[in-house]
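This document opens with one chain alone, in structure tokens, the form predicted on its own.
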Amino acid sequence: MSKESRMRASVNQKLTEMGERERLKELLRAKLTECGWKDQMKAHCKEVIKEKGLDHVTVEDLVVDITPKGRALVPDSVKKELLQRIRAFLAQHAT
């Protein structure tokens, strides 16, 4: 395992153990709903299903199709706020 992978795993473990991961997920959900991301993704899902036909789309296919657009549509302000909160958490709980 690379140094980066170990660091990522350590950060993830600390966020999970302290309950911060769940708080960040709730914040992310709220921010994405607030900025209209959820509605945009719902509309995109409907478009993909309409194009391919309901009988020709699986959940897995849908996830593969919409993931790149979903990531691209997350506002930079939301990404920055989450990153800032993670950094603050890590600074506060550094070992």
Partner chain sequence: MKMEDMPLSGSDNTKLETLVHDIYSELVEDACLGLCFEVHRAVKQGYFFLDETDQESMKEFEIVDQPGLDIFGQVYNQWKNKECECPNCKRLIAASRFAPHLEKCLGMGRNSSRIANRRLATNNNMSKSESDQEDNDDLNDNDWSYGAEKKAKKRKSDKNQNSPRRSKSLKHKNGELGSTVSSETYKYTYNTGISYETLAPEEVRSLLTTQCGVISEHTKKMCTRPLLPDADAVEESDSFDIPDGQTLISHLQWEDSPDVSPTDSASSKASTNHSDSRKPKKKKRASLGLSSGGGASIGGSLTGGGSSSQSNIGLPAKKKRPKVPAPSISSIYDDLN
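This structure is a prediction, so every number in the text was calculated from the model and none was measured. Positions refer to the first chain, counted from 1. We call the rigid core the largest set of C-alpha positions that still match within 1.5 Å between the two forms.
Not pictured, yet referred to below: the form predicted together with its partner chain.
Trainee: Examine residue 35 and determine whether its closest non-hydrogen atom to its partner chain in the model of the complex is within 4.5 angstroms.
Mentor: Judged by the heavy-atom cut-off of 4.5 Å, residue 35 is well away from its partner chain in the model of the complex.
Trainee: Given that its partner chain is not shown alongside this chain, does residue 29 nevertheless sit within 4.5 Å of it in the model of the complex, heavy atom to heavy atom?
Mentor: Contact check for residue 29: yes, within 4.5 Å of its partner chain in the model of the complex.
Trainee: Can any non-hydrogen atom of residue 18 be found within 4.5 angstroms of its partner chain in the model of the complex?
Mentor: It does not: once its partner chain is placed as it appears in the model of the complex, residue 18 has no heavy atom within 4.5 Å of it.
Trainee: Can any non-hydrogen atom of residue 52 be found within 4.5 angstroms of its partner chain in the model of the complex?
Mentor: Flag for residue 52 set to no.
Trainee: Would you give me the residues of 56 to 72 that have any heavy atom within 4.5 Å of its partner chain in the model of the complex, in order from first to last?
Mentor: Residues within 4.5 Å: 56, 57, 58, 59, 62, 63, 66, 67, 70, 71.
Trainee: Is residue 83 one of the residues whose C-alpha moves 2 Å or more between this form and the one not shown after the core fit?
Mentor: No, shifts by less than 2 Å.
Trainee: For residue 16, is the CA shift between this form and the one not shown at least 2 Å following rigid-core superposition?
Mentor: Where the cores coincide, residue 16 shows only a C-alpha shift between this form and the one not shown that is less than 2 Å.
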